[in-house]
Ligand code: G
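Just one chain follows, in the form predicted on its own, and it is written as structure tokens.
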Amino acid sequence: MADRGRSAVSVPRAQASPFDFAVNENDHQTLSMVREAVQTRRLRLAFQPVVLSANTERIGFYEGLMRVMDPTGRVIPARDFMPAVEADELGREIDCAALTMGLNTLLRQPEVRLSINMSARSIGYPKWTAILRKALRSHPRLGERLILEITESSAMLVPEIVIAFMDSLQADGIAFALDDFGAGFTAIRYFRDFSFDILKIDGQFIRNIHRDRDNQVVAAALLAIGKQFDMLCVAESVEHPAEAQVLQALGFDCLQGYLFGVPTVTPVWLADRARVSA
């Protein structure tokens, strides 16, 4: 995926508390750093496998997660900058970069199926739409290996627009994933109109599920919703074998988390290529 949260908010300095001032200053510095990274193309996709619950040796698809490189080359994960940039046009540029890199990966690796994060705010962004449409015109079968992930909170900003957008791309074979399900406030009535193929249960209900009865009950309820609407259900943030065992017993289709692979900018296909070159 993508880690999203609080949007940057401008507070007049004269009215701001010391805490508000610190937050705004931090957001300003983050925006500047990310804007420079976009301009100088210090952006990478980190790939994390999503494995089949029935056989965790098999990979169902990869998620491409945006990473920004600071001037020293240090990798900065999306959770450290998306809250500050998501509501800004800079967030749309990052979505464009992620889509471009994801599509290029699909073109170079015909055996890979890949999910790319996007914000509902990018649906009407002309540049993002042009990138996707151009790729689909040039490579009509490409959409069959592309999954677009939209967070629950983002989808609920403009549900009618998201529904129309998804409907318009069904013929291209693109699949859609509702990310971080349970963390937001999705109105269940929209499930009949949404065309989500994949439901990704938020990690807060997955961590320590083998010891937390409440998480077991909530995860089972969210899973039941996904199954009712014929969605492939993915448990996020799986870190321990005991968690995986509970999730397999509950009936999850796929599992994702550090237990099965950390996000990496050098996925197996690039590592294999490097070994051959050496």
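Only a predicted model underlies this, so the values are computations on that prediction, with no experimental measurement involved. From 1 onward, residues are counted along the sequence shown.
Omitted here: the form predicted together with guanosine-5'-monophosphate. The next part is about that form.
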Problem - Which of 213 to 221, 53 to 61, 232 to 240, 32 to 40 lines the interface with guanosine-5'-monophosphate in the predicted bound form (heavy atom within 4.5 Å) - result: 232 to 240
Problem - 4.5 angstroms heavy atom contact with guanosine-5'-monophosphate in the predicted bound form for E149 - result: yes
Practice task
Report yes if any heavy atom of R44 sits within 4.5 Å of a heavy atom of guanosine-5'-monophosphate in the predicted bound form; otherwise report no.
Solution key: no
Practice task
Indicate whether guanosine-5'-monophosphate has at least one heavy atom within 4.5 Å of a heavy atom of D180 in the predicted bound form.
Solution key: yes
Problem - Exercise: R113 in contact with guanosine-5'-monophosphate in the predicted bound form, heavy atom 4.5 Å - result: no
Completion exercise
In sequence order, the residues of 38 to 69 that place a heavy atom within 4.5 Å of guanosine-5'-monophosphate in the predicted bound form are Q48, E63, L65, R67
